[in-house]
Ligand SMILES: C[S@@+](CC[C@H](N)C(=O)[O-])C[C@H]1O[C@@H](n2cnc3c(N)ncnc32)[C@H](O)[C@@H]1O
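Next up: just one chain, as structure tokens, the form predicted alone.
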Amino acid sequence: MPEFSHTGNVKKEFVRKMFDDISPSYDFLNHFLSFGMDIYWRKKFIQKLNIKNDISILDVACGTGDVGFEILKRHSVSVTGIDLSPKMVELAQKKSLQKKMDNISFIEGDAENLPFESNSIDCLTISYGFRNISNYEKALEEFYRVLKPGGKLGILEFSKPTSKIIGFIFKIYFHHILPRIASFFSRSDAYRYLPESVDFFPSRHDICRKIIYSGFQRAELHDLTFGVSTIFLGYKDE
């Protein structure tokens, strides 16, 4: 039996409160618990997006803004980050001031009800946040709605490793070691939720099917590090 709810408003409110609570240690724990791999995965994700200059990018579930900041190091674009957690948004805004980065802003909002006009965004990204959404289908319909014709969707998310050996090591670390280490720095249930949320996340091919069913012309996936993380791309018809 799962310890946490993985659908509906109960999940949404838990996720909002959880990320508010862990926000002060979020960046440190991301880098520390992944041995810095989260930085590598985000860079590979951004490379796969094949971003052109002078476009608009919406980074959903932006957290403290790392994807947006990384994009702006390499591309002349405008980025808007949106997150359900007001404290994450506050931290992202502080980081943008410290980095003195223009062309980036952050707002509080819900991935399932985006406050943007239809056909207004060139590229939509979501990095390790799709798994935390309470209704995948509703969110994907919103992503499709706000993207312009010819727009691109990029999802970076944890997956179940393709290698049995890596999968075994990953499971031991994710379920038993990571939550214990994290509990010294943050609320303990947040890092018990993480491995369970990966266990209950749909398969790679199910995610691709959901992308297609929400209206996208085609979907593709690219595994990273033996499938520990996966990049999903969706393309809106022109």
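Counting begins at 1, following the sequence as shown. This one's a predicted model, so the numbers in the text were calculated from it and none came from an experiment.
Omitted here: the form predicted together with this ligand. The next part is about that form.
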property: Interface membership of residue 26, this ligand in the model of the complex, 4.5 Å heavy atom rule; result: yes
property: is_contact(residue 19, this ligand) in the model of the complex, heavy atom dist at most 4.5 Å; result: yes
property: Partner proximity in the model of the complex: residue 92 to this ligand, non-hydrogen atom cutoff 4.5 Å; result: no
property: Contact test in the model of the complex: residue 110 vs this ligand, heavy atoms, 4.5 Å; result: yes
property: Within 4.5 Å of this ligand in the model of the complex, all of 140, 159 and 219 (non-hydrogen atom); result: no
property: The unique member of 192, 204, 42, 210 whose heavy atoms fall within 4.5 Å of this ligand in the model of the complex; result: 42
property: Location of this ligand contact in the model of the complex, chosen stretch of 146-154, 130-138, 70-78, 159-167 [non-hydrogen atom, 4.5 Å]; result: 130-138
property: Residues in 200-238 with any heavy atom within 4.5 Å of this ligand in the model of the complex; result: none
